[in-house]
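Below sits a lone chain in structure tokens, taken as the form predicted on its own.
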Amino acid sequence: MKKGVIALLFVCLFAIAGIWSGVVYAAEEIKVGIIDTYSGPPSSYALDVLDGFKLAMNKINAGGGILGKRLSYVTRDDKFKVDLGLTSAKELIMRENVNLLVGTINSAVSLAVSDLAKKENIPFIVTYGKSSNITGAKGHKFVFSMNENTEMIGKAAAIGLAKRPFVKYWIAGDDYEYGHAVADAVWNHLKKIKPDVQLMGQSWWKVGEPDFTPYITSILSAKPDAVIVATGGAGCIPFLKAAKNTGFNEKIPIYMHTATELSTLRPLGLDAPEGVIGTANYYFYYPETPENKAFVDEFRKAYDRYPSFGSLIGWCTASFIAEAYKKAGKVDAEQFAAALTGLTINSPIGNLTVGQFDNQLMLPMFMGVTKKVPGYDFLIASDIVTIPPNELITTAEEIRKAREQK
């Protein structure tokens, strides 16, 4: 009898120890759930974000982690679909017990997950969705953006395009949240700066459109001075392929956000169209500062390729997570969100701050023109112009009005 009791006690003790061990392990880990598009054309951007995140995460963990806890992550592929993104977010919260959510290149997915994060009181850091509604009209204390939004794109594009001789424009793009948002932002700000510009017409295609030729033919026949192309992550690369194949870029000037971005140009190689005007928030070759060169060297050593803006976003996201938890002093959603608002870190492109009023990362923008350069097997940006963050931010009053009108 005594032996049986002792054996039972041992079983209980081992069971308790197992449970306790699990609790201790969970307490020693800050777990991030990353939802993004890891299949199809958008994966070029999403994988760069993930690698940048891992680069910073590994350095954070090697230095002792965050508040003595290891930073970890788990990913889900939303396949650029809202329903899959939302399902993934719910599963990460309820089954994986993540401390916060990160990711989403599709703006519609970003907004859906943001709404869930608000209901569940869990921080959500958007890495590539660009709708201004994310931190604007539909913003809240738990949602943050690590990249530029459509209003910032619109302001930067307008500043750059207004200096060019174009008057008659055509707008073309993806018929979804991001496409219309970026087109509206570019045009509205351009009209303010240069009132004499004219909109000749618009062309809208479904996301994933396999053939752009009919649209390009129609635009060419209208003979605008320039075309504003508003494509999202799924359309940038295919559209530039079509522009090259049809000679579109040689006949009419094209502006497209991210057209000069490495994640767009690298997959196209030397077959990308030259002379396309584009805006981006980061080039690995600009600015030529020690901090940027060190980041490029570190990234290339880890992944044997150059870092893109997505790489920088991922790096900044992990870095902001670490600093926000350190500032909060504990792993708590409310305190983390409060700590991240207004926080500044030193990045490869200088100090970057999360806005106090909208939780939007305040970023500079660079405008350049695609060009072949000896030594690279892809095109890079030439004639780079910098638009500083203070010319791109949304004011507190604008944010207040947007949220009141939603």
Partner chain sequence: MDFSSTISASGLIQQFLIGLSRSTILFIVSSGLSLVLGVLRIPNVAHGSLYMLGAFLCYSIATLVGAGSTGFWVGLALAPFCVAFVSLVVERALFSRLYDREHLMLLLFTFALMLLCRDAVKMIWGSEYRSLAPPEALQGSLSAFGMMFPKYNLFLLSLGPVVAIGLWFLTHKTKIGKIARAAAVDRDMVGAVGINVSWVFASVFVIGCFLAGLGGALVAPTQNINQGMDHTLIMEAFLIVIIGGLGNVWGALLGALIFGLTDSMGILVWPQFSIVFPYAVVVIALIFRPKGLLKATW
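Between two forms, the rigid core is the largest collection of C-alphas that superpose within 1.5 Å. Positions refer to the first chain, counted from 1. All figures in this text were calculated on a predicted structure; none of them were measured in a lab.
From this point on, the text means the form predicted in complex with its partner chain, which you will not see here.
Checking 209, 298, 115, 184 against its partner chain in the predicted bound form, a heavy atom within 4.5 Å turns up for just one residue: 209. Checking 287, 224, 160, 267 for any heavy atom within 4.5 Å of its partner chain in the predicted bound form turns up a single hit: 267. At a distance threshold of 4.5 angstroms between non-hydrogen atoms, residue 335 is out of contact with its partner chain in the predicted bound form. Its partner chain in the predicted bound form comes within 4.5 Å of a heavy atom belonging to residue 214. In the predicted bound form, its partner chain lies farther than 4.5 Å from every heavy atom of residue 275.
None of the heavy atoms of residue 133 is located within 4.5 Å of its partner chain in the predicted bound form. Comment: 244-252 is the region of 244-252, 143-151, 318-326, 107-115 lying near its partner chain in the predicted bound form, near meaning a non-hydrogen atom within 4.5 Å. Taking the rigid core as fixed, one finds a CA shift for residue 200 of 2 Å or more between this form and the one not shown.
Once you line up the core between this form and the one not shown, the Cα of residue 270 ends up 2 Å or more from where it was.
Relative to the superposed core, residue 121 undergoes a Cα shift smaller than 2 Å between this form and the one not shown.
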